[in-house]
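What follows is one chain in structure tokens, specifically the form predicted alone.
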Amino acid sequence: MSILEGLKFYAGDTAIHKLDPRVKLLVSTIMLIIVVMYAEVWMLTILITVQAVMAYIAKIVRRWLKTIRGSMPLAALVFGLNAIFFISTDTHATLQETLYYSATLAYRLVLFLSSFSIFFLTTTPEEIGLTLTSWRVPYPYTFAFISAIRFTPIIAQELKDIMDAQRARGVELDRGGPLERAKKLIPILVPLLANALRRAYELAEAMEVKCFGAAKKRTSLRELKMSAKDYVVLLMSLLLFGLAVYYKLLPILFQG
């Protein structure tokens, strides 16, 4: 459940919080692209160090670490599956090379999941909606995306509360075979589904009362405006991204 904490906005008055959401989204996207480009551990370490510095400035280190800690089971699964695959198929690679490559893939997965964590932790759903609207994304899709961001951590907390309540009633969720454990999920999923449907019905009623979709042209109380600080961060991000691309293509250029 801790991985979903990275989708929950945390209010603050830091320099990261005050950045234009479009700039923060671009920075997160650049980090994601660099993760795709590079498979070297040193570059991935530089990226996670940059994220740690940003999280420290934004005073969200603990919540950012929750996202990383929540991604560890998935990273361990990726590491194990890739190690088994390479050991069984690639007979030329040594065990050390196989373990290194598998660890790199798991490392990249962690960065995949944490690259947008700072963005969601420091950006309000309203700012995310304004960002998507400024990029001409249809508002119904924007509203659906914002609603998913708002309710995902709430549903995750409800799931945890229901599981704790069932354990207090004597339901042993962690014992038994796979089939028995699947049967024990029924008293958890039924109330969770009922709560989700009830919340969706209440949201639909609220949208209908407020005449959602009646006006084709929407107005907003707040408009996004970039400051000089935003342009400086944007320029530095694009410059560093250009250096990363150049360094990646440098061996190819010399070969050519």
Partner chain sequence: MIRFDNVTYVYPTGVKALNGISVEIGRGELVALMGENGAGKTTFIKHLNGLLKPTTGSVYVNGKDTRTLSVAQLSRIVGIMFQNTDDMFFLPTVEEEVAFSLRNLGFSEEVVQRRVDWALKFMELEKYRKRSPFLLSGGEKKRLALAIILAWNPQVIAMDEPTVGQDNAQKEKLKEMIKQLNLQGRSVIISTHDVEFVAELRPRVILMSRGRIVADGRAEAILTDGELLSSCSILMPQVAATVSRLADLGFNTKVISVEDAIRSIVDGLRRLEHTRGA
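The structure presented is a predicted model; accordingly, all values stated were derived computationally and were not measured. Positions refer to the first chain, counted from 1. Under this definition, the rigid core comprises the largest set of C-alpha atoms superposing within 1.5 Å between the forms.
The protein also exists as the form predicted in complex with its partner chain; that form is not presented, and the subsequent description refers to it.
Engineer: Counting only non-hydrogen atoms and a 4.5 angstroms cut-off, does residue 195 reach its partner chain in the model of the complex?
Structural biologist: Residue 195 belongs to the contact set for its partner chain.
Engineer: Would you classify residue 190 as touching its partner chain in the model of the complex, given a 4.5 Å non-hydrogen atom cut-off?
Structural biologist: Judged by the heavy-atom cut-off of 4.5 Å, residue 190 is in contact with its partner chain in the model of the complex.
Engineer: Taking its partner chain as it sits in the model of the complex, is residue 169 in contact with it (heavy atom to heavy atom, 4.5 Å or less)?
Structural biologist: Answer yes; at least one heavy atom of residue 169 falls within 4.5 Å of its partner chain in the model of the complex.
Engineer: Should residue 186 be classed as touching its partner chain in the model of the complex when contacts are defined as heavy atoms within 4.5 Å?
Structural biologist: Looking in the model of the complex, residue contacts with its partner chain include residue 186, since a heavy atom lies within 4.5 Å.
Engineer: Please determine whether each residue of 62, 161 and 164 possesses a non-hydrogen atom within 4.5 angstroms of its partner chain in the model of the complex.
Structural biologist: Contact check passed for all of 62, 161 and 164.
Engineer: If we take heavy atoms and a 4.5 Å cut-off, which stretch out of 75 to 83, 110 to 118, 94 to 102, 170 to 178 is in contact with its partner chain in the model of the complex?
Structural biologist: Going by heavy atoms within 4.5 Å, the stretch is 170 to 178.
Engineer: Is residue 180 displaced by at least 2 Å at its C-alpha between the shown form and the other one when the rigid core is overlaid?
Structural biologist: Residue 180 C-alpha, core-superposed: shift of 2 Å or more.
Engineer: Take the rigid core as the frame of reference and indicate whether the C-alpha of residue 171 shifts by 2 Å or more between the shown form and the other one.
Structural biologist: Yes, the C-alpha moves 2 Å or more.
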